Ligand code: BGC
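Next up: just one chain, as structure tokens, the form predicted on its own.
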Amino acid sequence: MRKGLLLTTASVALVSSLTACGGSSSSDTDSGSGSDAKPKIGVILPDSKSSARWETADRKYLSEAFKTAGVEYDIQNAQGDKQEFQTIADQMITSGVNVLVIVNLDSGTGKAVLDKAKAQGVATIDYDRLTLGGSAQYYVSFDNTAVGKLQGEGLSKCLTDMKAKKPIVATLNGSPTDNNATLFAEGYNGVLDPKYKSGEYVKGPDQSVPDWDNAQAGTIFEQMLTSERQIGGVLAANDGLGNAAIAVLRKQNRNGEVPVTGQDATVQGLQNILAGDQCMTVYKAVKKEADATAKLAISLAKGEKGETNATVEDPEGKRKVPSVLETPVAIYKDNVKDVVDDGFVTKAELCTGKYAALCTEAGIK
């Protein structure tokens, strides 16, 4: 397994502060930045299949930030197609973007795109996922090892609450081509491995899900249950994979009795938590991540340098990447309302049908 990114001493010195940019037009010209090029930012999102967040949250928050700053921008989604990802990048570079922000589909494709942008003098930012061996000037994400740690601690808490004795724990890891999945695994394995060694838990089936594909996750989990019928806990790396496992458990009337983790605080994941079918999720305040990325991208598009709060090491590229890392939060039934209060999901979309009463019980008003 590839080694994950190593978070080094936080706090890279501020090189310069970002200059606020007024106006509401999406094509305002640069003023006073010292650059003749009009700021234009391109963003490539990965898909809408692995997680709803890319279209429902990231696109929205990035668009709002760019509009508020009055800069021209272009946000497109590669929909899981590596060739399309490269085509979009070529089109954006040809159209004159000053900054290219990408969420890679894998490090190979990401590196090719970043290197081409660099050769054309386009500034680059890795968003959410670091491209291993790549050349992005900056990286903006969450502390992903901490995300995994919260998942491991969450599953442990739920198993303790259920008074489970030597539960067999199955693991649905994220895509093997996504370095974030490696980091999540480092986090939750760091919590669970000592419990396996002590005999408190029994290590069950452990498998990665290609491309974070939820349909494949369901098939994989069915096979896990066939090989090990007494699975007593599921470490699922995100809400989509978690829901796939819950759907299988539901067929066997075991939903709710086997704790399942998640990540992303999706509407579906939160509803599963309210219903008692999912143990917990990890809330990553996407707005903070998107706003930090937009701020950095606008700065670079103006010919300035950005501010960061950490450095992340790329073990394949053997370089340290200036980064902005946000802090994740564990969400259980008793604090689902915090996600609503934060505006990440609305009461209207969460508290529909049978979930209305459950929302009331959870203090969501």
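Since the model is a prediction, treat every value here as computed from it, not as a measurement. From 1 onward, residues are counted along the sequence shown.
Missing here is the form predicted in complex with beta-D-glucopyranose (BGC); even so, the following discussion is about that form.
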query	finding
Proximity of residue 278 to beta-D-glucopyranose (BGC) in the model of the complex, heavy atoms at 4.5 Å	no
is_contact(residue 73, beta-D-glucopyranose (BGC)) in the model of the complex, heavy atom dist at most 4.5 Å	no
4.5 Å heavy atom contact, residue 180 to beta-D-glucopyranose (BGC) in the model of the complex	yes
Heavy atom of residue 261 within 4.5 Å of beta-D-glucopyranose (BGC) in the model of the complex	no
Heavy atom distance at most 4.5 Å to beta-D-glucopyranose (BGC) in the model of the complex, all of 50, 53 and 128	yes
Which of 311-319, 53-61, 297-305, 331-339 sits within 4.5 Å of beta-D-glucopyranose (BGC) in the model of the complex, heavy atom basis	53-61
Residue (of 238, 124, 271, 293) lying close to beta-D-glucopyranose (BGC) in the model of the complex, criterion heavy atoms within 4.5 Å	238
Heavy atom within 4.5 Å of beta-D-glucopyranose (BGC) in the model of the complex - the one residue of 138, 212, 85, 188 that qualifies	212
Members of 271-309 lying within 4.5 angstroms of beta-D-glucopyranose (BGC), judged by heavy atom, in the model of the complex	284
